[in-house]
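Read the single chain below, which is given as structure tokens and is the form predicted alone.
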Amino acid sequence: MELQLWRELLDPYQLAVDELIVKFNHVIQEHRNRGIYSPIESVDGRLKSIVSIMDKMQRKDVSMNDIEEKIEDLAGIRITCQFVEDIDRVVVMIKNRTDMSVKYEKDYVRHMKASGYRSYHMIVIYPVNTIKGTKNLSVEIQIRTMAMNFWATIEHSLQYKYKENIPQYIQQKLLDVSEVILDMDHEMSVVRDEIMDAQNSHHRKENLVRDILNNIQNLYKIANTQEVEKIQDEFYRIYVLDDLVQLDHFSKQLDIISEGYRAQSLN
């Protein structure tokens, strides 16, 4: 296939990757803006390289005409979570979305592969708008914890080096490490509530400080400078106390002051 034809084939899939990364990052930001815990920690994606596609075509005896039908991971998204419990929440979240539909799923979290690989795989049908019209694409979404992702990244690198013929002693090491990661995910789940509470408090503080500083900056444009400086000094005094309740109260009082000046509408 000529390079230009490869580009025409893969361009819509790159668009799907780009759009999905933006959408899932927005999910993360929306949770944090509301001061609530996000089950998604991070998201990234990739378009399968031409070399990888050709290798897979050879292994699976796929013809050029059947690439899109028989190779369903031309576009891939990886969603990373902090805790095992978050994986199920993300799966439900994806199933409830109206901009994609689930074709099928494979649970390698509860049913670990013999190699030690653990992850949750979903193939979704995602429509993209191209200059030729709407095209429904198969996209693979992998959902895993950060610990699972570390293991999978190492294993993938070894598969690439050894052309899927990893020496037995390395395979055993990988299997041993996968058991350690399984235990680690379990132990992290035990203290999940404490970790989530700490992270929620941090994001809540970040949002409060952002809103407070924005209000103060706007007040400097229209209010008495000395009065605004007093407000700013009071903010610094409360901030060093590291008391979220007092900071929240201060923010609400400042909102009332800013509304009086109509300062919140300023850019």
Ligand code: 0O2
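This structure is a prediction, so every number in the text was calculated from the model and none was measured. Numbering starts at 1 and follows the sequence shown.
Here the subject shifts to the form predicted in complex with this ligand, a form of this protein not shown in this document.
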Quick one: from Asn136, Thr130, Gln159, Ser189, grab the residue that has a heavy atom within 4.5 Å of this ligand in the predicted complex.
Gln159
Of these, Lys113, Lys95, Arg89, Lys103, which has a heavy atom no more than 4.5 Å from this ligand in the predicted complex?
Lys113
Candidate stretches 179 to 187, 192 to 200, 81 to 89, 105 to 113 - the one whose heavy atoms come within 4.5 Å of this ligand in the predicted complex
105 to 113
Looking in the predicted complex, any heavy atom of Gln142 within 4.5 Å of this ligand?
yes
Would you check, heavy atoms only and a 4.5 Å threshold, whether Ala152 touches this ligand in the predicted complex?
yes
Does at least one non-hydrogen atom of Lys230 fall within 4.5 angstroms of this ligand in the predicted complex?
no
Counting only non-hydrogen atoms and a 4.5 angstroms cut-off, does Arg46 reach this ligand in the predicted complex?
yes
